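Next up: a single chain in structure tokens, the form predicted on its own.
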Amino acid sequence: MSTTTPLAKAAGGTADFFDTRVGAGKMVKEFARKVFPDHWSFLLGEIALYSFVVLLLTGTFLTMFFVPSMTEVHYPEDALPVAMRGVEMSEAFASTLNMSFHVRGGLLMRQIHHWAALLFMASIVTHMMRVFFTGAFRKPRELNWVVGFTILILGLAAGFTGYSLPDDVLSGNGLRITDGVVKSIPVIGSYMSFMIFGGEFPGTEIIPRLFTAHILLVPALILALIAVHLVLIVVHKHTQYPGPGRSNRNVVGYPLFPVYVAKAGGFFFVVFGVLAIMGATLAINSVWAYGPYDPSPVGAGAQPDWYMLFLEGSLRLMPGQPEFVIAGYTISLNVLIPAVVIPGLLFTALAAYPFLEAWVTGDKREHHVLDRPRNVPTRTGVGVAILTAFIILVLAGSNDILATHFNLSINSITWVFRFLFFAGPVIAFIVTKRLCLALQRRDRELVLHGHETGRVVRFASGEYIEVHQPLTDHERWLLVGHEPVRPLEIGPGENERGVARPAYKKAVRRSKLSNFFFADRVEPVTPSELAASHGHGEHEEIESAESNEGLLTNASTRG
């Protein structure tokens, strides 16, 4: 007698339908067995993914009520908030107010959407920091690094286009800055501004165009690149932190199904819950406090979202004098350099670094085990230096807030940040590199001598030494299980016949850069050094001294 339920029969029939037509059984079997390592830092990428899902859900809701039009209207006299009644504004701003005060759940959705955008960018930045400092961008993942970097840039674009939609004072000032940046581009800047705004700023076309980019173009590109990113993770297999039994040929962790699926599903609801609580309790982007866009009111405390503050800070630090007229064209270096050149250099350095390191090392092998940041001091120093430059620009973007809150001179703050922008990254690089080298030397000491216990023992000869606790096999493997990278060596510029070697100058430049990266290093402990440190017979003497100490203690107790 069969006990199969109708639901089970339907599920089995559906599964058989897809299996016989698209090979679903093989795909499910392959993905279910996919192993993922378990470490908290891998959740940073998941936070970005789940934040994007929340953005799509809340954005869909907001799209139903937002009117992307710059047509001038008067806000109704019987609508909330009271301060906006009868005020002339665009339909975009009016629909934002209506959504916030008259659509049930509208304000909650707006605030969840905004917090999710901030969390999305924060998780992408921290995720890329983890990838950079652990060397997860090395072969075969260079392409995935570029994909992730492109998602970061698109995230900035998504945030900017969405932030500008309400057409309030803050977003309007941001668009005015954008217009100035575009116009600072030599020769083509004015034409590009005319094309973007559909005429002179602000025009009547920019909000509908930003709306199209925000809800259609940019999200579609991000979604496509996220799919590419996840596919490449599956193809390349996931990286893992060093440890016993972990190598470039395996992955130690849990299978996708059921362990990882259950954990990932639960974590999504954690992220969603946190964002919902933030949206319900923490007010953000209260546009009615600023009013509709008007170019006349300008005051302190006008900052964009945190991920665009670096651009604001760069503009604030640049002196206003460098502006020239050449052949009838105005070259506004006071805008072009801080808004285009400096961010371009910083982002280009970040995007190109994996290829630069691969060229310097000449390493063509695949790497699936991550580095400890201390074991690659130059890379860690470069990463901290780039972060320091961005952090200084972010702080500079809030110089007016610092001045008003701490009763300081805004001019003094600006000059301090100007100095720090050039000196800060250099100091951060040097300090970080020296700290990494010091930590490596500390690791050598631990491997050779073990942990300090604070116990002092006297030998029979009268000598006193501190007792060290040997490392466990896991600890020892972690400290010695990495390969040192040494500078590239090049031969003479001429061969044995006196003929100049081809591309020798290029090899010299590569060697100098390699020396910059790897000349300062601490060699890991070799097996012979480890054997020598444990073979000098002190352990037996320590045990003898401890036994004598115990006898003396017992004798004194009996006495």
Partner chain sequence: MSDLTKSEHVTPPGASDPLSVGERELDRFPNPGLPEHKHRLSDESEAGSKRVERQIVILFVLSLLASIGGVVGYFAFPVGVTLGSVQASTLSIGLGLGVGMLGIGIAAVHWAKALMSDVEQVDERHAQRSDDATRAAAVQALKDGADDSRIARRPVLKGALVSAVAVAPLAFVVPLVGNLGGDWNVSKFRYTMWGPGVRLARDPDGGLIRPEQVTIGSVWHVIPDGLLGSEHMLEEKAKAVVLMVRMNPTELTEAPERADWSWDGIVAYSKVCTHVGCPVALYEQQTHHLLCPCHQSTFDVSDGAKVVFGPAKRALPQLPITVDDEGYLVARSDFTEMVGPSTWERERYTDLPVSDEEKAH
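Here the structure is a predicted model, which is why all the values come from computation and not from measurement. Numbering follows the first chain given and starts at 1.
Here the subject shifts to the form predicted together with the partner chain, a form of this protein not shown in this document.
- Remark: of stretches 232-240, 142-150, 215-223, 432-440, the one touching the partner chain in the predicted bound form is 232-240 (heavy atom within 4.5 Å).
- A single residue from the set Val467, Val181, Ile342, Met308 has any heavy atom within 4.5 angstroms of the partner chain in the predicted bound form; that residue is Val181.
- Scanning Leu165, Ile112, Val382, Val131 against the partner chain in the predicted bound form with a 4.5 Å heavy atom cut-off leaves one residue, Ile112.
- The partner chain is not drawn, but in the predicted bound form it has no heavy atom within 4.5 Å of Ser461.
- Contact annotation: Phe101 falls within 4.5 Å of the partner chain in the predicted bound form, judged by heavy atom distances.
- Not displayed here, the partner chain is approached by Ser332 to within 4.5 Å at the level of heavy atoms in the predicted bound form.
- The partner chain in the predicted bound form comes within 4.5 Å of no heavy atom belonging to Thr348.
- Scanning 314-349 for heavy atoms within 4.5 Å of the partner chain in the predicted bound form gives Leu315, Arg316, Met318, Pro319, Gly320, Gln321, Glu323, Val325, Gly328, Tyr329, Thr330, Ile331, Ser332, Asn334, Val335 in sequence order.
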